[in-house]
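Next up: just one chain, as structure tokens, the form predicted alone.
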């Protein structure tokens, strides 16, 4: 019997029988609606094998109205924890019993550990970005002047929080609804402040509209451009920013990882800039989740090989 692509709330009611075809008991999952697209199992199952942990990681499709019952079912089935994807991050944020500072600041939970019946929440997307940028460009967020396109919420908010917590050199938040970016900037002004750092002539934290002229004024004082929007997943998507604004000194991190070489990446490289896609962020948020669950170093290379397979 082959492993189903996705399990459901109904399966949780008879979990042992539903997952009988697996080599090891299913004690970890990614929950979402939809969830069939998730690549997390191909990363976490090799990690579990490499670490000698006798557990399996699966996809679990829960609709919003099924979330509370689904969490109760996972507790009953003896789950170690679970990952959270759209649309449940905010709801799980409200459901956990305790959480990390990063999750609290981001306002969303994507990783939960179940400890003695309590739900402990974390957000590994934000610190996953930090590790991905370091791996891709051999640079730390702390040392960079950063522009985030799509900073109004979701992935962009998480990226902005991490950059501010790392006290990056400069942070420019770009969003179509500029009021959202301004609200986030106001929230992060105290977070980004570093009493040991001398302030330069340019404003350290800026919120601007997603318009060509506004971005052009800032990009001369930016090292790293982060695309936190979903633009680039389709060939017909509009451009993230005009190609002419990309300069050779820029580093470009596109959170999109399918296709592997997005339009933004291609244009950046053609302009002499370095670029990377979001697969590294997926890898490192997964590694951090593994460490959160098991309190031991993640077998990162096994996870990387699983994603590449």
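Residue numbers count along the first chain shown, from 1. Here the structure is a predicted model, which is why all the values come from computation and not from measurement.
The protein also exists as the form predicted in complex with a small molecule; that form is not presented, and the subsequent description refers to it.
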Practice task
Would you please decide whether residue 153 lies within 4.5 angstroms of the small molecule in the predicted bound form, comparing each non-hydrogen atom pair?
Solution key: yes
Handout entry: Heavy atom of residue 231 within 4.5 Å of the small molecule in the predicted bound form
Key = yes
Exercise for the section: May I ask you to check whether residue 210 falls inside a 4.5 Å heavy atom distance of the small molecule in the predicted bound form? Expected result: yes
Handout entry: 4.5 Å heavy atom contact, residue 281 to the small molecule in the predicted bound form
Key = yes
Handout entry: Options 93 to 101, 173 to 181, 159 to 167, 216 to 224; stretch whose heavy atom lies within 4.5 Å of the small molecule in the predicted bound form
Key = 173 to 181
Practice task
Identify which of 256, 47, 60, 26 has a heavy atom within 4.5 Å of the small molecule in the predicted bound form; exactly one of them does.
Solution key: 256
